[in-house]
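Heads up, the chain below is alone and in the form predicted alone; it's given as structure tokens.
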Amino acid sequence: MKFAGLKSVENAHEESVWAVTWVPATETRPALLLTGSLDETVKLWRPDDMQLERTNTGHCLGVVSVAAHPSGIIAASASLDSFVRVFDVDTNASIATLEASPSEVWQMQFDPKGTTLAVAGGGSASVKLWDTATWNLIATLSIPRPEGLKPTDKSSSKKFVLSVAWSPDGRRIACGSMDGTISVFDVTRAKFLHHLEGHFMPVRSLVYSPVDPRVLFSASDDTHVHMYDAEGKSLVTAMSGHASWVLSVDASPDGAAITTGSSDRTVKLWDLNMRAAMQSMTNHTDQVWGVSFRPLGGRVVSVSDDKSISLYEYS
């Protein structure tokens, strides 16, 4: 397995690019790339030639997360202004505005069926679930406070939720916190199940294996990438190779590889059989906030504080 650089867009945004995802193809158009930036805009790109399709405005502060519905018809962007904007991908018409206050929003993700949007609620130490038919808030999954702590203790700041991921069967949600803990929830019962231990610094990104609902990958500021058995509560392996914070992780559709982006400015490709980094791409000149595999395979995209987007072939 290997990466080959295909194309980079310099100055894709006016400020740091913090978020990227693939928008699935619809009957009327191919797949698109969606990026979000601290310049307060969301941009849509044609991945074949990396031409800009459209720029969306509507946020008052930087965009920290973007998510695409599995249908490819709608998408969402979350900003430091505490609002999530849900919009029609092809027209940019606003469909809903979700207010997350008094909490920030960090990562968010639609479930595999597209019925629910999960939003990592920052300082609220919870994940909020929104119904995509009505855009009503249907559940708040709160991380339990450690036993023996009073509500006044400053523990909740450590449980600040940065990242969220759905299992491929839609039955579990995992979220990563500032203190390094990962919390796993049973979605149907809206019930906390257990913590996954092993990181001691912020967990900024999580992704389940697309082929095994038990396997969860995490990226942390402690420079490690962990692979967990999320049901058995066990750490399967800890992979090292980055020289600094690991900011983003994504899994290949065939489940054979993961890719990571780091503040060491590299994008790495990891072979899960070898449990080691096979390749390191060094085209970015600043920290890499987002990496994403195309759902159909064959392509990976990365975005960075250097304001650029890079596209790679994965084979």
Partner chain sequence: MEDLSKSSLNFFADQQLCSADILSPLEVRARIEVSVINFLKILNSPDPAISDLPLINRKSSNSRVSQGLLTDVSWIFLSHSFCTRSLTKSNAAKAFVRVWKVMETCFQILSQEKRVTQRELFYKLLCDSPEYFTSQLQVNRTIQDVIALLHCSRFSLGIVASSRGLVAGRLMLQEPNQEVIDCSACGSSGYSISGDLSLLEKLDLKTDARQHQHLTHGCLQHAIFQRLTEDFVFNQIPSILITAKGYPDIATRFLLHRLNRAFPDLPILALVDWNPAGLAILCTFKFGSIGMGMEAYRYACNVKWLGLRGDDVQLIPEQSLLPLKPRDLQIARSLMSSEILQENYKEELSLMVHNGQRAEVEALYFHGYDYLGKYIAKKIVQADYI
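Computed from a prediction, not measured in an experiment: that's the story for all the values here. Numbering follows the first chain given and starts at 1.
Below, we turn to the form predicted together with its partner chain, even though it does not appear here.
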All of H13, T41 and L61 within 4.5 Å of its partner chain in the predicted bound form, heavy atom check: no
Its partner chain: the contacting residue among R145, K113, H194, R171 in the predicted bound form [heavy atom, 4.5 Å]: K113
Interface residue in the predicted bound form among L80, I73, V215, L129, criterion: non-hydrogen atom within 4.5 angstroms of its partner chain: I73
Interface segment, criterion being heavy atoms within 4.5 Å of its partner chain in the predicted bound form, picked from 194-202, 113-121, 172-180, 225-233: 113-121
Contact flag, I138 vs its partner chain in the predicted bound form, heavy atom cut 4.5 Å: no
Contact test in the predicted bound form: I95 vs its partner chain, heavy atoms, 4.5 Å: yes
Any non-hydrogen atom of E99 within 4.5 angstroms of its partner chain in the predicted bound form: no
4.5 Å heavy atom contact, R265 to its partner chain in the predicted bound form: no
